[in-house]
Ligand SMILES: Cc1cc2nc3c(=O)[nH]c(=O)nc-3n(C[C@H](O)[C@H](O)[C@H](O)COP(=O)(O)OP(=O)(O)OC[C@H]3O[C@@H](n4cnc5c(N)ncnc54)[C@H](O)[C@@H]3O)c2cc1C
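So this first bit is one chain, no partners, the form predicted on its own, shown in structure tokens.
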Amino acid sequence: MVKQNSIVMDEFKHICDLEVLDDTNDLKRLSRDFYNYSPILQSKLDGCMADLVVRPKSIQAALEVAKKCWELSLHLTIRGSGTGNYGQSVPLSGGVVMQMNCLNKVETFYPDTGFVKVQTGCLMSELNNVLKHKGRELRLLPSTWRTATIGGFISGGSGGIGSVKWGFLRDPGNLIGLDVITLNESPKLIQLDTQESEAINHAYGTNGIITSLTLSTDIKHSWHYIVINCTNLEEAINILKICLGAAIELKLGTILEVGIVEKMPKWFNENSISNKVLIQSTLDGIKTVEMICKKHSLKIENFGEENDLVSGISDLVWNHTTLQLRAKDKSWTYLQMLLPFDKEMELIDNLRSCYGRKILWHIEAVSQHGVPRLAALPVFKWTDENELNEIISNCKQNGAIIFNPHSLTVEGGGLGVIDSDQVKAKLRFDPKGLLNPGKLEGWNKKEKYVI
């Protein structure tokens, strides 16, 4: 940043409805997320810190921040609750971090479609509570749903609880529209339809400042949990696949290998320590799962209907599985991948022959283009980057698609390839490249996308 912090702060402090923070402790705290899950990202990001943090309390204030950043050519990084794991909201080169949590109103509910329009900083737990009184619920939830903001989830997330039915955030039908502030010569608030919103979805805030989102929701269900105990991982995969093929309503299907179960909270594993399949379904679905397990002579633990206690199951799945292990030993890290269709055990067995029990398997049921698939978030003790690359290469050779959580960029962590629409949107809405610079690989090749 060219200007000194005090001068820069003076440029923002006269904006109405804007809280301005420059205390060093605040700057450090609000320049971080949970990137320390990755030793690689930790080494790259530990020194990164904003020069200033601002919190707009109105959309007009956010618009004024955009205008000021354009005028002064200041880098601007957008932040929600900071529950991400990939450095999505970490400012790589200082500048301004704008935390959006004060923009948290549920604006409109559309009873005919179940769509909801909500401001970006609304906590997902609060949004879900509002929807509950409308007879609806969110389709997709990260394991951090209690503290994550909806805008942060759309910008930096991909899927989670509910992906077994609804796929991923970028699948057509989940995100209906966006209100976005541009960071160009004349910053303004614009409304994007479904097609235009695709380029902003899962873009780490690199090509537009989301102020409101319109989302599809699901009918509110009464969810129940059941845990199936299996003697080995293959048995667990087979029974999960049978449940995926059953005519039941599923919200979650998770496999935790026995080595992971041993490290889970005592309330979860006190009755038995084995390979476990976690199922979240409606009551009729649970009855069907019970019959399936009886047929296959499998023991079950019925945790009953979701409530304040039972909802703790969501603290054991998706990336909270990794969190549970890291709470006891920070040397645990993880990978993310889509396993090869119907060849999951072949990949696992191949990796077992190379790494033994160094890799522990955590598997999540998802839907890809309407077809049930298995994704994996295996955990392992960190050694070094060479071994990580070796494991990734081995997984790819065995047919896995890797979503690398040790990468800083949108492309490296999720898409795998440059999305030309994302780059074109950045050229249109952020031509100076001020929004969260360094996170969109395609920006370095932007000349290719100039029309």
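Each residue number is its position in the shown sequence, starting from 1. The structure presented is a predicted model; accordingly, all values stated were derived computationally and were not measured.
What follows is about the form predicted together with the ligand, which we do not show.
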* Structure fact -> If we test each of Thr333, Asn201, Thr254, Ser158 for a heavy atom within 4.5 Å of the ligand in the predicted bound form, the one that passes is Ser158
* Work out which of Ser281, Ser197, Asn275, Thr144 lies within 4.5 Å of the ligand in the predicted bound form, going by heavy atoms. => Thr144
* If we take heavy atoms and a 4.5 Å cut-off, which stretch out of 393 to 401, 33 to 41, 380 to 388, 63 to 71 is in contact with the ligand in the predicted bound form? -> 33 to 41
* Partner contact for Trp318 in the predicted bound form: the ligand, 4.5 angstroms, heavy atom -> yes
* Quick one: does Gly285 come within 4.5 Å of the ligand in the predicted bound form, counting heavy atoms only? -> no
* Leu323, heavy atom within 4.5 angstroms of the ligand in the predicted bound form -> yes
* To do: Report yes if any heavy atom of Thr83 sits within 4.5 Å of a heavy atom of the ligand in the predicted bound form; otherwise report no.
  => yes
* the ligand in the predicted bound form - contacting residues of 198 to 219, heavy atom within 4.5 Å -> Tyr204, Gly205, Gly208, Ile209, Ile210
